[in-house]
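Shown below, as structure tokens, is a lone chain in the form predicted alone; questions about how it binds or moves come after it.
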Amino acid sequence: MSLEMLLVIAFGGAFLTYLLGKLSPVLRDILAVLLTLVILAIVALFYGRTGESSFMNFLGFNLSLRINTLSWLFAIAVATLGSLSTIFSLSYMKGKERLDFYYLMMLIVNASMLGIVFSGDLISFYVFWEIMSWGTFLLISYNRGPALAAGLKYIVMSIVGSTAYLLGMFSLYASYSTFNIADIASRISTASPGYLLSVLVLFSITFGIKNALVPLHTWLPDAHSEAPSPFSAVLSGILIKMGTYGFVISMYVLVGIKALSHLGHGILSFHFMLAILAAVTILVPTFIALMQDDAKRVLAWSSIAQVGYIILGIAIGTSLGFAGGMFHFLNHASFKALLFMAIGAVEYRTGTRDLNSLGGIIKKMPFTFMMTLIGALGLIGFPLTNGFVSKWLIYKTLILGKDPFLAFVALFGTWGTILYAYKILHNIFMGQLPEEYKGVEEAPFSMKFPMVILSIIIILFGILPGIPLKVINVIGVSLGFKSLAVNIWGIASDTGALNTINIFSAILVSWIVVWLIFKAAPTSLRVEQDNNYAAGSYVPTGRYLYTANFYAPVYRIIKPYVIDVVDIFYMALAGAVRTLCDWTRRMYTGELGSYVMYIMLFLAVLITMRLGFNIW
């Protein structure tokens, strides 16, 4: 199977699914799921393949597709989340309008992401990038109303990113007379540091917007809160990681690790400045997430913060840091997609995402609680989850690199992550069950199945991290990094080894001891949910918990300092542009006399300026 045929199947299958939906919604759903599973199987079989082939001629330029270990890793993540989100959609989207359009766009976006990671030239990359961007806009705007504003905010920023990409692409073509990525990479080593830096800055704008890197992040919170939950899982899990892929391609494939290390010195180097931006991206969104009461907005701000960890690891420019950043990209795709699906399941059954109106849902949705707990533990970086391993690699990189500020920010971000992860678990699942949710049922099977698969991935890669790390190590070596001593249980080094089997054994023994203690204790007495007290005060029936807003003191402390000033600036800029356009529009009166007056005023200004220059 060739890459060309894979993309034909992906794009052709998307349109066939749309057409089939006009005949039978059941057949449409079946075909959508089968298509994503077939794509997943094909991509899985591509493992170990390398090569590049031309697939068409566009205006005299040969467009090519290529596959290597880097592109395969991103492609398998795209295909996996694409199939799981489609299965999740079967129940979640049932009964909604325009489902033919929804599945078409979901499949088109997944196909375009495959096209991006398999592109061998800058033109193909751009074409697939634009298809992905506009498909994403349509899915963000799917629910209309406020979703349209969120979609417009996204697409305006995407257009800015695309413009920056085009400038960088044509600059490279003007210098090297080719759009082929491999050819440019082989010739760019002779370029001046200033030119390389200018290209990287342009591409960083493009990929930083898609990656939601501060200060280019403002589209993401609105997009997540308005998009359908199955697409939110894709959007956070893998679509924003196309920006991560772009950073890796531009930094370590096009420019190369050697040239990158000479772009500036010390704290003024490109990679360190990018690391500083990543640190800010970790810190500020983490505590903005803490102040949100919409569960999806909490996860949206969390996604921005976790992207900071990914870029931080990649930007540091060491073997261990690169491995940590790439592994965290893969891990974030699993636990954040799981969390969005779990929140989607709660919303599907209760009709709300408001954290202050829920509570006690564990009594009705214990499975969803368990999935949310696993996702939250992965997000925090709890031992025996994949998030623990990737964060450990990033922490160790920063400590060994003697970057105390960056290490502190990364650790502080994790403390904040614990706070908002606990807020989600507590406010949704703990406490009393409100009367209106007495009849809530567990999520249907088509929602449970994707969550089970993702939870298995989180735990499997937490206990056996060597499975993905071996692939990531191959990628690192191909990009010029030193090889790491990877084994199935972790990574060994001169400064200490990560061995998850030891951690697993210690935690297992601890669990057994705790279980024996509880087993030996007296039998607990079950009481009614309103038969309890908060700070010595009786909790009345129907009241969730006195502690529903238990972070209120923290809010009062941090709220004056944790403000999204970037979004405020962008909105003010948009308002200024709108005002300018309104005044410009008023000049077009449709009266000939007005236009004659404008011409006379313009000539008067020119004459005045000329006379002024003569006097000077």
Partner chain sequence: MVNPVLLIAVPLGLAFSLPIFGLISKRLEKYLPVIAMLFNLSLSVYLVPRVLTHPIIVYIGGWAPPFGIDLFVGPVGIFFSVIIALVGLLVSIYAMDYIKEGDTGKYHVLFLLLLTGAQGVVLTGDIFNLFVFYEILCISSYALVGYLRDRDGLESAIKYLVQGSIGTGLVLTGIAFIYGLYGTLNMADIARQINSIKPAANFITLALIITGLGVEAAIFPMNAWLPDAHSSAPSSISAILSGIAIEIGVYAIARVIFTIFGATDILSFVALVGIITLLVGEMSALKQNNIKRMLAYSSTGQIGLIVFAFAIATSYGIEAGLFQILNHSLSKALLFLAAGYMIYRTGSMEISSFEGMGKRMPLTSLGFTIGAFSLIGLPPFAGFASKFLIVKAALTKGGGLYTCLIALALVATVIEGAYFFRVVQVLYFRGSNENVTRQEAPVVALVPFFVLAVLIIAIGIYPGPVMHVLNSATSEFVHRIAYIQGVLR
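Numbering follows the first chain given and starts at 1. Just so we're on the same page, rigid core means the largest C-alpha set that superposes within 1.5 Å between forms. Since the structure is predicted, the reported quantities are computational estimates derived from the model, not experimental observations.
The protein also exists as the form predicted in complex with its partner chain; that form is not presented, and the subsequent description refers to it.
Enquirer: Please determine whether each residue of R297, I512 and L573 possesses a non-hydrogen atom within 4.5 angstroms of its partner chain in the model of the complex.
Expert: Checking in the model of the complex: none of R297, I512 and L573 is within 4.5 Å of its partner chain.
Enquirer: Pick from L59, L45, V565, A552: which residue has any heavy atom within 4.5 angstroms of its partner chain in the model of the complex?
Expert: Filtering the options by heavy-atom distance leaves L59.
Enquirer: Going by heavy atom distances of 4.5 angstroms or less, which of I155, L484, I181, A407 would be at the interface with its partner chain in the model of the complex?
Expert: By the 4.5 Å criterion, the partner-contacting residue is I155.
Enquirer: To test your reading of this chain, name the stretch in 283-291, 444-452, 90-98, 183-191 whose heavy atoms come within 4.5 Å of its partner chain in the model of the complex.
Expert: Heavy atoms within 4.5 Å of its partner chain in the model of the complex occur in 90-98.
Enquirer: Would G151 show up as a contact with its partner chain in the model of the complex if we use heavy atoms at 4.5 Å?
Expert: It does: once its partner chain is placed as it appears in the model of the complex, G151 has a heavy atom within 4.5 Å of it.
Enquirer: Would K258 show up as a contact with its partner chain in the model of the complex if we use heavy atoms at 4.5 Å?
Expert: Close contact is absent here: in the model of the complex, K258 is far from its partner chain, nothing within 4.5 Å, heavy atoms only.
Enquirer: Please determine whether I159 contacts its partner chain in the model of the complex, using a 4.5 Å cut-off between heavy atoms.
Expert: Judged by the heavy-atom cut-off of 4.5 Å, I159 is in contact with its partner chain in the model of the complex.
Enquirer: Mark S319 yes when one of its heavy atoms lies within 4.5 Å of a heavy atom of its partner chain in the model of the complex, and no otherwise.
Expert: The answer is no: S319 has no heavy atom within 4.5 Å of its partner chain.
Enquirer: Going by its partner chain in the model of the complex, which residues of 159-177 come within 4.5 Å of it through any heavy atom?
Expert: Counting only heavy atoms within 4.5 Å of its partner chain in the model of the complex, the contacting residues of 159-177 are I159, V160, T163, L166, L167, M169, F170, S171, Y173, A174.
Enquirer: Would I599 count as moving between the shown form and the other one, using a Cα shift of 2 angstroms or more after superposing the core as the test?
Expert: The answer is yes, as the C-alpha of I599 shifts between the shown form and the other one by 2 Å or more after core alignment.
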